Each structure stands twice: as structure tokens, then as C-alpha cells.
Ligand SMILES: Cc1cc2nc3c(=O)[nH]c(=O)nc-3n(C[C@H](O)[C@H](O)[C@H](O)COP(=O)(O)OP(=O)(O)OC[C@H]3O[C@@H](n4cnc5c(N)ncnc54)[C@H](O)[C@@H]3O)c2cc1C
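So this first bit is one chain, no partners, the form predicted alone, shown in C-alpha cells.
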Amino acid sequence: MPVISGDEYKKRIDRMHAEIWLDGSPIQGRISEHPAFRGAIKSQGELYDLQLKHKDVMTYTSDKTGNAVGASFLIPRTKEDLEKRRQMVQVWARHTGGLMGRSPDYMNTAITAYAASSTVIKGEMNSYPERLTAFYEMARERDLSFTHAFVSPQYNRSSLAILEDDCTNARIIDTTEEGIIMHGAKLLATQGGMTDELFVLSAPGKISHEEAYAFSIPSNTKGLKFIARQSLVGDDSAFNSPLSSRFEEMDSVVVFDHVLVPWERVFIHENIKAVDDLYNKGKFVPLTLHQICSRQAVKTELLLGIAQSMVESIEIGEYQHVQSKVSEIITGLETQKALLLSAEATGKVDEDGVFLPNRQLLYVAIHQFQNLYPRYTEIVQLLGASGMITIPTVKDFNSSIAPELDTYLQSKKHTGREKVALYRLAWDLTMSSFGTRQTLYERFFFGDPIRVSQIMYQQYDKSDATAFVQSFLEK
């Protein structure tokens, strides 16, 4: 079947009736109508509709069926394919402001990367590359949506934790003729329960074979439970909560209660090396970094636009410190874009015929964003000052005091209502519960910033630089 519509996506998710717990109770009825989920599901549905509207950018022709399938499933064979992937990501990101970190293109990219890396686990014990490839093709043709869980619960993060048995992390407790039996918990399923599938891959570095696996199961699998955190939706008002009312994706703990994973859905089990190799030697890192950086560039542009709109609203652009602050975001945006384009330009075709971007440049881009995003939000707060606090609600502006608010909260270029709408947008991105979750999310999106810097240091080729120094010492 070709790419699906937003309406089909919503109907498919409603029919699943996945087990989702929120505030101590299981969610009943259609999840697309639940206050904590309906905004994000509506927005995600709009993304699927964009695929149908912009087929030239958002789709490509399947080599299996001839159908138009999502470009987020495209395995890049050329630089032009990689550029198409960026364009696809940024069409979706511009619709969400880059605020949906788990829009379909993220996990579709991950599934695609793993399928393109199937040769890495060929011949490995308890590894089934042919299943992985077949699953990718099925997901592509059905335009499935995914959440994922890679991280173990924070049981013991000390250096001696390897000496203890982690009683919380999901593990294989049995193997049967039907498949593997999973029990325990995993983090952190963003959009948990509002996707067709849950994809699970153990993070690299496991020492227990029972915790080394890769599989995917439907979100309504028996024994699978999503325990959602508190909703960060302010309310349904596009004026009061312009961002959280649309893009609050929800995060959840995934609990496996003796869950049967059928063999056809198991890609690796009880093989630490295969799990590590699929992540470290496969194409997951360069392709997902490319998707992430493409989205984050759009998100930076949104922050720049908000900052400059505030400057123009109250006419503070003449001040040097204001210009300096906005220039920080400009510098970050243009650097992000340059690194992204350079990563594409210096990409190479690997041994499997896949055109991969320069991962070192993308590591630099994402590490920079991890460190700069909190500064961007701080700049918006500093520019807004008291305006970030004086933000009455839509009910105030629909009441008898509206004329007074329009008078006393107006700016040089905006009525009181228009100015407050702008500042509520800035507040929802940088100060609300939704906004502070966005900041934490970007800080750790591809792992701890210190770990990312270690990877950069360890993988970067420093030999030219040291040889350059040596040439001076030998003179």
C-alpha cells in the first residue's frame, strides 16, 4: 500500500487499544480523543497528510511494489538521495517547529539504517539479518509508525554497577518454540502507545547476554504496558498553550510482563557482540545524526524568529547587548546548517553501496546544539524580561477587561492581544513545563554530552594536526 493519510494513522492507532497508564488509571476509549494525547496525534496526522501533499519530496517509488512510499525509509545510494532525506525531514520539521523529536522520520530512519546494516550481523550466532530486512520492507510498505526503548532504568549508575544484578532492566527470561519471553522495564518511549510498533534494541556495552537483543512488536502486544509521565499540555487553547497543545509527545516507561516476542520479530537475541556491532559498525549513527541535525536546524530557526520578533515588537534592536544576543543564535544556526551541508558534501559510499554523511561533522553539530540550546532559551527569556510574565489568558482577552489589556500591554507594533500571543509562544517554548522538557530533551538527545565529546575525541583523526606540529619541531 502507498503512504497513508493522517486519518488512516489516527484510526489505526485508535483500533490498537494499547495499554497506557496515566495518573494511576488505564486510558479508556480512543487515544486520539484523550486530552493528553490528542494534540500530538492530530499534529502527527498532519505530517502524514503532508506526505500526500508533497509527494515529490516526501516519497519515492518502492522497488518491491512500485508504490509511493515514505522518503524517511529511503536508503541513500547517492548524495542526491541524502539531500532528499534532508528535505523530507525539514518539511516535517517546519510544520512542527522541530519540536516533535519523535516525528515519524526519526524512527523510520533508525529502522532503515538497521536494515541497511544487516550485513554487519550476518553469520553471527542468534542473529537474523534476513528478518530485519524483511521487517523493514513490511514497515516501509505499510507506512508504520514507531516508538522505541533503548535505555535501562536508572537503577545503579556507579562504576561498580557491573558487579550487581540489575533487577529492573528488561531481559530475556525464557526462549520457547514461539519466541523469546521478555520481562522488566525499558526507557524512554516517547510517543509510547501512539504508534503502531515498539522497536527495542539494547544499548551497546551490555555484559549480560539476557539483556542483549533487538526486536519489534505491535504496541498492543499482550503484557506490554506504557506508563506515561504527567502530561505537560497546558490546555487546549492555541492562544494559551500554542506549542504544548499541539506537540506534547508524552514519554513513558515501558513494562514487559512476560511478553512473548514471536521469532519472526526477533532480529538478535543473547548476543552482545551482534548488538554492539549493529549500533557501532552499522549505519545507525550517521543516518540518524543526519535526521536529528536536519530537524535541529529548523528548531534553531524558530528560536531565532521568536527572538527577533520580540526585539521588533518592543523596538530594542538598537542596543548592542540585544544585537549580540540575537547574533549568538544566528551564529549557531548558520554553523549548524554549514556542518549539515558539509557532512553531505563530504559523504562517501560505503562497502554496502550506501551513501553516508560525514559522521564527524554531524557529531560536532549535535554536540554544539546540546550545549547551545539552553543558551538559546535563556536569550529568549532575557529579551522578553517582564513580558514573559505579563501574559494573560485568552479568557482575559475575551472578557470586559480586554480593552484595558489591549491598551496597557500593547507594544510599538502590536496590540495587547498580539503582543501577549507572541510572548506566550516564547514562554511555552522556554519557560513552561513543556518548554523545560524540550530543553532537557535536547541536552541528552543523542546521549550524555560528555559521552558524545568522548566519542568525538576518540574517533576524530588527529594525526594531521600532530604531524603539523612535528614539522615545526623538526626545523
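Residue numbers here begin at 1 and follow the sequence given. Fair warning: this is a prediction, and the values are worked out from it, not measured in the lab.
FYI, the form predicted together with the named molecule isn't displayed, but the following is about it.
Among the residues 386, 400, 154, 320, the one placing a heavy atom within 4.5 Å of the named molecule in the predicted bound form is 154.
This chain is drawn without the named molecule; in the predicted bound form, the residue among 228, 188, 304, 272 with a heavy atom within 4.5 Å of it is 188. Only one segment in the set 5-13, 463-471, 19-27, 450-458 has any non-hydrogen atom within 4.5 angstroms of the named molecule in the predicted bound form, and it is 450-458.
Among heavy atoms of residue 34, none comes within 4.5 Å of the named molecule in the predicted bound form.
None of the heavy atoms of residue 54 is located within 4.5 Å of the named molecule in the predicted bound form. In the predicted bound form, no heavy atom of residue 396 sits within 4.5 Å of the named molecule. Using a 4.5 Å cutoff between non-hydrogen atoms, residue 38 does not count as a contact of the named molecule in the predicted bound form. With contact defined as any non-hydrogen atom lying within 4.5 angstroms of the named molecule in the predicted bound form, 102 is the only contacting residue in 87-120.
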